[in-house]
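In the block that follows, a single chain appears as structure tokens, in the form predicted alone.
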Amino acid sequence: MKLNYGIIGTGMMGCEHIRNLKKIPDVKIVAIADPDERSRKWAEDTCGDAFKLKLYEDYRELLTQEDIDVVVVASPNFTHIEIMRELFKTDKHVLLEKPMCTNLLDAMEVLEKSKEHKGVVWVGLEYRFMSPIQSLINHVNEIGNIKMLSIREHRFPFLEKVDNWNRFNEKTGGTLVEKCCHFFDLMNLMIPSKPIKIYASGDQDVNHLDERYDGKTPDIIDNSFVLIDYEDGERAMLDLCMFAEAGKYEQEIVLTGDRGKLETHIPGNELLLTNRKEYSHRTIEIKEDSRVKEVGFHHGASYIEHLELIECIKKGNQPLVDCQNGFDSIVLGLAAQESIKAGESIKLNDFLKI
């Protein structure tokens, strides 16, 4: 069964998807859509001679193409809601890049409509498929009942994108949505109960302060601490800094249970497993997934994500990362940003009553 793909949004992430799809058998990219001529050219060059493409400025023209089975939505965050409204009028499968939406009302709309959609709706939270994360999940039963999860990301600032749309909360959803929905998704994936309260402290202290776009100063934060309480007593913490280039690791993850803890890094090839009772630890080698043919920006995770989506479509399975997962990940980001503004903790049940 060959699947024909259409790509909406062919900037950095759209072209990343193209590079991955090019190396997967029985996949054909038949159309791309992007209003920016330079982005369309990037996609055309990335595809090379591998596919005979139809190029569109308007994504709605792409959606009328009957031979497209799967649509990848990799356009700017603020455009997701309009594109998904049109996609829901079709029966096409879709991989919707993170974050699902930029605000709560739009996310609720996508979540509800996805339940009636005939095709698969998969949200692009590919960090789940990184080898260190998979290794950590595979060994989680060895540390007993999970009590704490700590994720640190110290990295470089946001990259430049077309029209600099990623400099503003209005168009991105904010840093804790745009970037950190990945980490909130991992927290929800690994902690077995539901989040109930969140407190965050953060600000824009270093990055983009001297930049101006149409007379406006960027307002995305560049550092934050976020604390989350879960209903069964577990706690999670995010430590984000986006002016910490050149570190050995971008991410450090520590998952602690009542019998021990797990520690790993991204990028990295080791998992440290601690045993409290024996007062010992051992190092487990993390092996890359042998299926990966394109490492890309996410250490092979995007490639595995596509393989899993294709298998889901062909076998008629439920998506491993659905719109409920996408919704839950941005709720934590939006609530954390509200906590920063309010200077107090946010109860999620209250936050969801809009």
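Predicted model only: the values in this text are computed from it and were never measured. One-based numbering along the sequence shown.
Not pictured, yet referred to below: the form predicted in complex with a small molecule.
Looking at Ser39, you'd find a heavy atom of it within 4.5 angstroms of the small molecule in the predicted bound form.
Contact check for Ser114: every heavy atom lies farther than 4.5 Å from the small molecule in the predicted bound form.
The closest heavy atom approach of Asp185 to the small molecule in the predicted bound form falls outside 4.5 Å. The small molecule is not drawn, but in the predicted bound form it has no heavy atom within 4.5 Å of Gly333. Across the proposed site, Asn20, Val30 and Cys47 without exception lack any heavy atom within 4.5 Å of the small molecule in the predicted bound form.
Heavy atoms within 4.5 Å of the small molecule in the predicted bound form are found in exactly one of 214-222, 133-141, 194-202, 90-98, that being 90-98.
Scanning Asn77, Gln251, Ser150, Asn207 against the small molecule in the predicted bound form with a 4.5 Å heavy atom cut-off leaves one residue, Asn77.
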